[in-house]
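The chain below stands alone and is given in structure tokens; this is the form predicted alone.
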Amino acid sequence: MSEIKRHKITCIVCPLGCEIEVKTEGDKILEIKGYKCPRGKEYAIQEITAPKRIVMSVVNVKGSYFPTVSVKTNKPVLKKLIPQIMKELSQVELEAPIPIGKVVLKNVAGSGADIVTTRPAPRSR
């Protein structure tokens, strides 16, 4: 028999910021309370079973005024994939000029998300 755990989560889906409590036993969700809308319940289930995050970082740039350019995933990815994504990003080096929204890596770490630039990096003279 597994231990019963209580998880307290603050929902970030809407401005209400509901304080949600989830009771679990092993991998099984026993009870969810404190949410005020269905999206809050869905968020709490996701946070317990498969939490996801947008990953933001920088990659190196050659030939620009800036040594790096900021990037992010174009959709949330499983939190457990973040170390692998950071490892893949550490091996990327771009050549300026770089436009905003350029896809740097497709399907990063097999997540189904792409890495895109979030600012331009013009060529230096």
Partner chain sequence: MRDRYDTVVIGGGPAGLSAAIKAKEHGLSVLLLENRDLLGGIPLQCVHPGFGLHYFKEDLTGTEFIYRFIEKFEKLGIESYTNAHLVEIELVSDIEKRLKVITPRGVLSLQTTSLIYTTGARERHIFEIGITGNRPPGVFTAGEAQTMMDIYGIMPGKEIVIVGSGDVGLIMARRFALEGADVKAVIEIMPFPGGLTRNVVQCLHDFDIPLYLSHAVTRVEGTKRVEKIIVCEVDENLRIKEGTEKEISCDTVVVAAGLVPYIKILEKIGVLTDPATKGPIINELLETSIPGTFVAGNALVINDLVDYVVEQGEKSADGAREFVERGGIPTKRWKRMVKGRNIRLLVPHYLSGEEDVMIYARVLKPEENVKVRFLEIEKEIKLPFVKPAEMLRLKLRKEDIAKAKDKITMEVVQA
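So that the term is clear: the rigid core is the largest set of C-alpha atoms that superpose within 1.5 Å between two forms. Positions refer to the first chain, counted from 1. None of these values were measured; they are calculated from a predicted model.
Beyond the structure shown, there is the form predicted together with its partner chain, which is absent from this document and is the topic of what follows.
- Interface residue remark: L16 is counted as part of the site for its partner chain in the predicted complex, having a heavy atom within 4.5 Å.
- Taking the partner from elsewhere, I100 is found to have a heavy atom lying within 4.5 Å of its partner chain in the predicted complex.
- For the chain shown alone, Y43 is a contact residue for its partner chain in the predicted complex, at least one non-hydrogen atom being within 4.5 angstroms.
- In the predicted complex, no heavy atom of T24 sits within 4.5 Å of its partner chain.
- None of I48, I82, A96, C37 but one reaches within 4.5 angstroms of its partner chain in the predicted complex through a heavy atom, and that residue is I82.
- M86 is the sole member of I29, L78, M86, V92 with a non-hydrogen atom within 4.5 Å of its partner chain in the predicted complex.
- Applying a 4.5 Å heavy atom cutoff to its partner chain in the predicted complex picks out Y65, F66, P67, T68, S70, K72, K79, I82, M86 from 61-88, in order along the sequence.
- Once the rigid core is overlaid between this form and the one not shown, K36 counts among the residues whose Cα shifts by 2 Å or more.
- E19 is among the residues whose C-alpha shifts by 2 Å or more between this form and the one not shown once the rigid core is aligned.
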